[in-house]
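In structure tokens, one chain follows: the form predicted alone.
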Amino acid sequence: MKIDDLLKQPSEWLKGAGPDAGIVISSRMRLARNIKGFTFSDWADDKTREAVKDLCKRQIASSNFMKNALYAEMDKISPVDNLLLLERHLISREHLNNPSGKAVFVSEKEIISVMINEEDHLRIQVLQSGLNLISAWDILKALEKDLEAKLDFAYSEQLGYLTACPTNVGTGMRASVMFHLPAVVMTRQIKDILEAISKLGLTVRGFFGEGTEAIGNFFQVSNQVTLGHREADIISNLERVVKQLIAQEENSRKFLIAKKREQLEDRIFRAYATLKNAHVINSEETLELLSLLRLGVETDIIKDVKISSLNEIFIIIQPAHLQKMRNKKFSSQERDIERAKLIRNVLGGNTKNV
């Protein structure tokens, strides 16, 4: 499998399938693991990082879970390819920094990715569409069991699995869910909701995870601490909050349709018209407008657009995808023009000169 092959398939997290997929975009389960006897990645010298990479590469490649997987070393692929992996949520933003000694495995269907020498020696991730935390956890547990038979993970009887960041010590598990919450934002409940979430030991991040702000009404909610908490309890706590958020978003949508339908339809159809006809548009504006259009589709206000088409747009509007698809390096202004062309093409709007 090669990086260019990723352009030929939809990302797992944007399939628009699975339970509550109209509000829950994706579920992600991740484990942080380190190899006993080796310095943590951020403190290790180049020789140690290379040794960890080579050891992990051999063992991960031999796993049945990674047949036909993509393997890439971050300092041996282009900056555009690195960014493409980030845009598809297969690596973290941290994994782009100081690429020497860093690598990633991506399973054939993009359900599994394993980062080598990120903050920890291994960051093992499973992505599923919709609310599928248990399914993702089952896959992750099986893969981790397979790798633990091959690699000696750093473990303390008192603390659990040892990690670079103290908040990950214990299970080393991070469970997260990406939501689309436009109605909650429109009804101005989001601030109170986010404050309540933070009091429950959860954290909220933006579209691309840690260090990013929420745009396009997309929010990632995840557990903050693992020490002293069992995996099942972490998942149960997150699922309880997830179901409450789903209910709040559903109620907010019903309120808008019942009490403010004209205003809601006006915003949605204006967004649709802009996306179908714009000739220059940046990625942030695109996400904001796509959020409104997605809400229109999910509430049956818009009937001639498929969620699969919107999911395609979510991917192709990103800078690396634009450049890889056209095999050309674009300036920021050129990207905004090319992005508008592609959106018009997908939505069947003004396709002149596309």
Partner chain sequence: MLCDICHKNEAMIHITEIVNDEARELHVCQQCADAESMHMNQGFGIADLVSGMVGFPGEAREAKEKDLKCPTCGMAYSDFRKLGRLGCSECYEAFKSVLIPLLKNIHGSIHHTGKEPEKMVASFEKEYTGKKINVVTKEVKIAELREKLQRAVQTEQYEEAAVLRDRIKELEKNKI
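Residue numbers count along the first chain shown, from 1. On a predicted model such as this, the values are computed, not experimentally measured, just so you know.
Keep in mind that the form predicted in complex with the partner chain is not shown, yet the notes after this line are about it.
With the partner omitted here, the stretch from 275-283, 150-158, 180-188, 77-85 that lies within 4.5 Å of the partner chain by heavy atoms in the predicted complex is 150-158.
At a distance of at most 4.5 angstroms from the partner chain in the predicted complex, none of the three residues S176, Q220 and F314 contributes a non-hydrogen atom.
This chain lacks the partner; the member of I215, I246, I235, V225 within 4.5 angstroms of the partner chain in the predicted complex by a non-hydrogen atom is V225. Residue in contact with the partner chain in the predicted complex (any heavy atom within 4.5 Å), chosen from R270, R240, K259, K109: R240. Residue contact with the partner chain in the predicted complex: K254 places no heavy atom within 4.5 Å of it.
Residue contact with the partner chain in the predicted complex: G130 places no heavy atom within 4.5 Å of it. Contact between S135 and the partner chain in the predicted complex is not found at the 4.5 Å heavy atom cutoff.
In the predicted complex, G101 stays away from the partner chain, with no heavy atom inside 4.5 Å.
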